[in-house]
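Quick heads-up: it's one chain on its own, the form predicted alone, in structure tokens.
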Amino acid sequence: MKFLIDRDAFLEALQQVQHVVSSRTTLPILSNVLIEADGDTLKLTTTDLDVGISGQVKAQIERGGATTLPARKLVMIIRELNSGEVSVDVDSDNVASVRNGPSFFKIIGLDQEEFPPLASFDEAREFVIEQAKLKDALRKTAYAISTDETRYVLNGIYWSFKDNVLTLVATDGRRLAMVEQDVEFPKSNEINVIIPTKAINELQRLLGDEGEVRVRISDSQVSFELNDSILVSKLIEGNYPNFRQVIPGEAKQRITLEREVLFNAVKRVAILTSDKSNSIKLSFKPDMLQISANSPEIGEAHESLHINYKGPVLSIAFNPEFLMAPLRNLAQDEVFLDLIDEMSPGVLKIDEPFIYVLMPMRVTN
């Protein structure tokens, strides 16, 4: 196999697939990128057996073929080369000679026969979603995924395709983010699946602002086809908790807040929280919101915002990072905070089908 390729294009294609490669693998082949040269296209594939990703890049191919080379080392080499053309010549023993101007590297690879193939999706349910819509939905939910590996069903996003609506839900038990989007599909395609965090992260990297993504779901795997790339992942097996029962009923108070003003105020006040007292208090009075933090070992902070509020005096405390996460990832100017009382969850909403439920922390006076 021999090909010539633009250094920048090669680096971009390699970086798109290298995140999947595990640095701690017992199978040496999983540290490698599968490179297949055919026609005028170079196909690059990596996998860790749970998630796999494949991308394409144009190249001038003098001799077709396939090999696997150490992914991270190859990226490091190509990154350090000068711009311009890179020549890669692989012999029958999978030894690659890489040339670029005065630079020369010899890299020892492994036979492509050892590389595990990505799953096929012949009998799968299929959905087509606008990339921009899905990118927005994942941005509004992914931050709430649980990192607690003992509750593995929460280590991903729950996708429910039902009644021509796609519902995405992420929760870690202390907060919950949910988005709904209209997607057309036949009733026979209705399904609920949990897609793991690693696949969600890779998908977010691949999604653009234009075009569509083709989603295929089989019994145990999912694939996303977009922008000349294919992402394949195992699904998380298990039953996702009944998330609708944690969404509170009708609120007693709905408070309209400016998203960016609230975010910046919380961010400033949160500087004086600590690991021991990691909460900020929101105190609502007529036309006034006071945000405060009090850490006996550090000090205290207060900030007042003028708001439109006519309800009773009410104080509620939240984890500041959990309150900032949706504010950081939403694009709307206004958000609505729905409250029942000091001990019930707060609910953040916008003028679109989005809900963020946040458990309160105990208020100490």
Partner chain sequence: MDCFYAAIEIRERPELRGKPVAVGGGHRGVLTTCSYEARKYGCRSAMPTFQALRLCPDLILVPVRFDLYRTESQRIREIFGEFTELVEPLSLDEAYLDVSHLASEGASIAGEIRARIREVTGLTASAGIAANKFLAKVASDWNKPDGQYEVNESGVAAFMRDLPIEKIWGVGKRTAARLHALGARTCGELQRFTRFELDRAFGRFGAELHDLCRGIDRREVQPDRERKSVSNERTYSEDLATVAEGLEKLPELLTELHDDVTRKHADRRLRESVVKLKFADFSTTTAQRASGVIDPALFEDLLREAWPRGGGQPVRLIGTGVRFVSQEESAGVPDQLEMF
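If you're wondering where the values come from, they're calculated on a predicted model, not measured in any experiment. Numbering follows the first chain given and starts at 1.
The following text describes the form predicted together with the partner chain, which does not appear among the structures shown.
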TODO: Please determine, with the chain shown alone, which of 186 to 194, 172 to 180, 115 to 123, 90 to 98 has non-hydrogen atoms within 4.5 Å of the partner chain in the model of the complex.
DONE: 172 to 180
Open item on the list: I need to confirm a contact call. Of Lys276, Arg79, Lys162, Arg268, which residue comes within 4.5 Å of the partner chain in the model of the complex, counting heavy atoms only?
Closed with: Lys276
Task: Contact assignment for the partner chain in the model of the complex, among Leu272, Leu206, Ile107, Val246, heavy atom within 4.5 Å - done: Val246
Task: is_contact(Arg139, the partner chain) in the model of the complex, heavy atom dist at most 4.5 Å - done: no
Open item on the list: Whether Tyr152 contacts the partner chain in the model of the complex should be assessed with a 4.5 Å heavy atom distance threshold; does it?
Closed with: yes
TODO: Answer yes if any heavy atom of Asn319 is within 4.5 Å of a heavy atom of the partner chain in the model of the complex; otherwise answer no.
DONE: yes
Task: Touches the partner chain in the model of the complex: Val357 (any heavy atom, 4.5 Å) - done: yes
- [ ] Look at the candidate spot formed by Pro241, Met343 and Arg362 and say whether the partner chain comes within 4.5 Å of a heavy atom in all three of them in the model of the complex.
- [x] yes
